[in-house]
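Presented as C-alpha cells, the chain that follows is alone, the form predicted alone.
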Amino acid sequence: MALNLQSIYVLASGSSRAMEQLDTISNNLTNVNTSGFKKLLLKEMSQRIEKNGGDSNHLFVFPRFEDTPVVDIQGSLKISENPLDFAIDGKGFFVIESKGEQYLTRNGHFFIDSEGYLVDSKGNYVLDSADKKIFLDYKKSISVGEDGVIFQEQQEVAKLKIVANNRIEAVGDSYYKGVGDEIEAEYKVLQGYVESSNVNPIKEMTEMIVTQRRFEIYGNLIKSLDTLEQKTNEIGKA
C-alpha cells in the first residue's frame, strides 16, 4: 500500500474513533438525568498490520475500537420521600425480570402494578432473593430494611434480590448484564431515595469539545493529504 494511502487510512480510522467517542458522550449526556444510569467509556487500542513489509510496516499503526466498559461508581443519592423508591448505597444491583430474562438495574424507582406486583418504571417485575415476583398489598404501609427485607405491617414479605459482578455490560434502558464473576454485594438499601446518574455533565461537555476538535483535525489532515496527492499528480503530468 502506498505511503499516502496508509496515512489516509490511519486518519480515517482516527476519524471513525472520534465519531464513536462523540456517540458515547452524547449517550452519557442524554442520560444525565436518568436514575441509576452508569457512564459508558470508549476504549481504543493501537493496531498494527503485521504483513505490511518494509519500513512502512512501522508506520501502519492505527486506532481501533476496543471496548465500551461501564463505569460502575456510585451516583449521588437524592431524597424522594416516595416509599416505593429504593436506592442502593454500595456495591450491587436490583434484579428485574423482562420476557423471561433477568437484568440488573440501579434505578429503584418502583411501582405496584394492577395485579399487586412490584415493578419498575417499564413494568418489569422486581425479583426477590428466591427469584420470585414480589406481591404487595397497596393498602398496607411498606418499609424496607437496609438489608433489603420488605415489611408490611411488621410482617416480612420478601427480600430484594441484589447481586454484584466484577464486570457488567450495558444492554440499554439503564439495564445491565453481569459478564464477569459474581462478587459479594456490599450495600445498604435506602427507602425514599433514588440514585442519580453518575455522569458529570461538565466533564462530558469538555470531553465533547475535545473530541470534536480531534475529529476536525483528522478531517483537515485528510483534505491536506488529498490536495498534496493532486499536486503531485499534476507535477507528474507536466
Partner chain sequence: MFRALWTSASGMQAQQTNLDVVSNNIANVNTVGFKQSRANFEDLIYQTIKDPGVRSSDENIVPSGIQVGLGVKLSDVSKIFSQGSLKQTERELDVAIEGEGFFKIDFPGGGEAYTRAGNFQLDNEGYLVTPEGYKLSPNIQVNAPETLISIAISPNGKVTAVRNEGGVQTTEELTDIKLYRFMNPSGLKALGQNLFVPTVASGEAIEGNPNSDGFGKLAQGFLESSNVNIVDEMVNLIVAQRAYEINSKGITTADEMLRTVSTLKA
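Note that the rigid core is defined as the largest set of C-alphas that superpose within 1.5 Å between two forms. On a predicted model such as this, the values are computed, not experimentally measured, just so you know. Numbering follows the first chain given and starts at 1.
The protein also exists as the form predicted together with its partner chain; that form is not presented, and the subsequent description refers to it.
- Just one listed stretch, out of 158-166, 144-152, 90-98, 115-123, contacts its partner chain in the predicted complex at the 4.5 Å heavy atom level, and that stretch is 115-123.
- Interface residue remark: K133 is not counted as part of the site for its partner chain in the predicted complex, having no heavy atom within 4.5 Å.
- Interface membership of M19, defined by any non-hydrogen atom within 4.5 Å of its partner chain in the predicted complex, is confirmed.
- The closest heavy atom approach of A170 to its partner chain in the predicted complex falls within 4.5 Å.
- The closest heavy atom approach of K188 to its partner chain in the predicted complex falls outside 4.5 Å.
- Along 193-211, a non-hydrogen atom within 4.5 Å of its partner chain in the predicted complex is carried by V194, P201, M205, M208, T211, in order along the sequence.
- Taking the rigid core as fixed, one finds a CA shift for M19 smaller than 2 Å between the shown form and the other one.
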